[in-house]
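What follows is one chain in structure tokens, specifically the form predicted on its own.
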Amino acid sequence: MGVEKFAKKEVAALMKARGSLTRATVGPIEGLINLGAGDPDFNQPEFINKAVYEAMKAGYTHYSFTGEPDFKEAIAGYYKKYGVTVDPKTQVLITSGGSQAIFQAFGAILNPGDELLIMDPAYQGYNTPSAYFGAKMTRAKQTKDKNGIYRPNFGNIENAITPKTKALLFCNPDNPTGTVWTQKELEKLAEIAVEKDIVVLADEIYTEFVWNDKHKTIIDLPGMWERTMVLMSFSKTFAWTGCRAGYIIAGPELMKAINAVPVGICSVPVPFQKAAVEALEKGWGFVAEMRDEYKKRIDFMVKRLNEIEGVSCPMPEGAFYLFPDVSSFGVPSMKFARDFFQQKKVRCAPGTQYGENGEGHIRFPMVKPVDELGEVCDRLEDYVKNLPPKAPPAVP
């Protein structure tokens, strides 16, 4: 008996769709170097582990219907480093990681038939939640600057906005492109959002990984408090991918709508909320160690990739992903990534997983030590040497 007839129509459609390639389980394969998902290879510090245990011993094992007040206060204190004052009682919502933040934000605003505008390329984790709510995902192609970094193209953004556009979502710093939006770019986007009367969702989970500047936010620009949701997560900041803690920051009126989404009791276990307070108070040395290591890996691998004939890799401005251009080989990125995996046992993501504008690219997260990243580059160099030469353009 097919269960599709019982399923919500949007769920039935998702059952037939192919899921995220980076989240599929692979292995065990001898010799595999897995650079699929962006799961940090750092373990959280022992003082955080201990804080979970101590909270449980202290009896913090009961209901917390709207999240622990001290956790919300610590979040507000953290976000103040960006010059933004947040009321922890009315402007902070606790979620089970960034994925629930995305889902709950979408649930608050998206109706069937609404359009959600994202960039191209863009993180693929936005696709299925929007489809679940019956919304249509639209895209605004980004364009590369002189350094090979994708940047927002505001002509494309304005052209992509229609009367059905409910919201625009962007990731800053960006996964997969490594782009960090400038103050002028944020101001231009805010002007468009106010003029077109749309909501902006700012995915800011990589705020601690900006390499040559400081993270800037959009929520406190003129007209933006009651039309912005900031989506955040501990997954990258504190390497908590398995512990699931995140949050949303929004204006108090918009937060009423987000709070009304029926997701049940706050799903972050209370002991982990208590540990998260400890992380926000004492965990910045650990974050600094991760930053230093990521930067070392990025510097090494960008240089090494650019030494491979036919590969061009820009230095990312933020986050910890590389998005090298391999278009010179004339191989579709899906086939390139698949064959590289099958022939050389290296797993990476094809650029088209992030939109058609990602064609000709692959994505590498810097979640392995330098020696393994060097081995990845060696295998890539060997792989591309055996590719057939790209056919010359046809003569008209």
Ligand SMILES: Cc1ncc(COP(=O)(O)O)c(C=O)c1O
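Note that residue numbering begins at 1 and tracks the sequence as displayed. The structure presented is a predicted model; accordingly, all values stated were derived computationally and were not measured.
Quick note: we don't show the form predicted together with the ligand, though the next part is all about it.
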- Should Gly98 be classed as touching the ligand in the predicted complex when contacts are defined as heavy atoms within 4.5 Å? yes
- Message: At 4.5 Å between heavy atoms, is Ser235 in contact with the ligand in the predicted complex?
- Response: yes
- Item | Partner contact for Tyr126 in the predicted complex: the ligand, 4.5 angstroms, heavy atom | yes
- Is Tyr79 one of the residues lying within 4.5 Å of the ligand in the predicted complex, judged by heavy atom distances? no
- Where does the ligand sit in the predicted complex: which of 297 to 305, 134 to 142, 168 to 176, 256 to 264, heavy atoms within 4.5 Å? 168 to 176
- Which one of Ala276, Ile102, Met119, Val200 is close to the ligand in the predicted complex, taking close to mean a heavy atom within 4.5 Å? Ile102
- Considering the ligand in the predicted complex, which of Tyr150, Phe209, Phe71, Tyr321 comes within 4.5 Å of it through any heavy atom? Tyr321
